[in-house]
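Single chain ahead, written as structure tokens, the form predicted alone.
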């Protein structure tokens, strides 16, 4: 496994791989890795000849500076996990490498209604930052395929729209959400939960799976109301619980004519914001 900190050295190595006829798979991360990330590395290994993983805490997608400051940086541990997971290349740039101070690094794109609901409503500017950094990574890595997790379902949908807007040949592949034994979706933020909060957190996934079990038995409105009731405990502050069209992300009142439906939620538990989702159909 090789680690590169500059675009120049990374691109040189990737050009050598391409000259050998090898395909490139790419897993973008912000570090603080867990088995969910490694599952994406393994998925890339199954479908690509070479797997590249970036570790970059992107400042432009944090709309709360405190979250950026508190985001864990664990490069040494991350590198060990990636090597054990079969990663071939780590790209470890600093902010000036991705956003050169002497260049105009702005990238504005209108995602329409996709970015006005759920995460977009509660984290203004977040998806603009995601689009900005992924556009740069696509220019740098030029991957044949990019692998992202289902846990950030709305982000996956935004990135799919981004690739279309860029007319990019890169394929986007979704990896399933990896969960702890008690159902909690694996997240870099979980380490910030204290013991009591960690014991409460699985109620989030339980509520989502309970909602899925009610599909076809109760109306969408009833399912949403009951889910919000389950999450109505003193320790939680619920930002949203939504049942949406899995393509447009717009709220739905019925599954009639809907190809894909997803239940999504965001909950504050203490100082930690947790998101999760379950595909209903």
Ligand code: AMP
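Owing to the predicted nature of the structure, the values given are computational and were not obtained by experimental measurement. Residue numbers count along the first chain shown, from 1.
Omitted from view is the form predicted together with this ligand, to which the following refers.
Taking the partner from the other structure, this ligand in the predicted bound form has a heavy atom within 4.5 Å of a heavy atom of residue 155.
Put simply, residue 176 is close to this ligand in the predicted bound form: some heavy atom of it is within 4.5 Å. Proximity of residue 243 to this ligand in the predicted bound form: non-hydrogen atoms within 4.5 Å are absent; the residue sits far from the partner.
Among heavy atoms of residue 30, some come within 4.5 Å of this ligand in the predicted bound form. The listed set 89, 148, 140, 200 contains one residue whose heavy atoms approach this ligand in the predicted bound form to within 4.5 Å, identified as 148. 39 is the sole member of 230, 60, 39, 45 with a non-hydrogen atom lying within 4.5 angstroms of this ligand in the predicted bound form. Contact annotation: this ligand lies within 4.5 Å of heavy atoms from the stretch 22 to 30 in the predicted bound form, the single such stretch among 22 to 30, 232 to 240, 245 to 253, 210 to 218.
Residues of 52 to 73 placing a heavy atom within 4.5 Å of this ligand in the predicted bound form: 71 alone.
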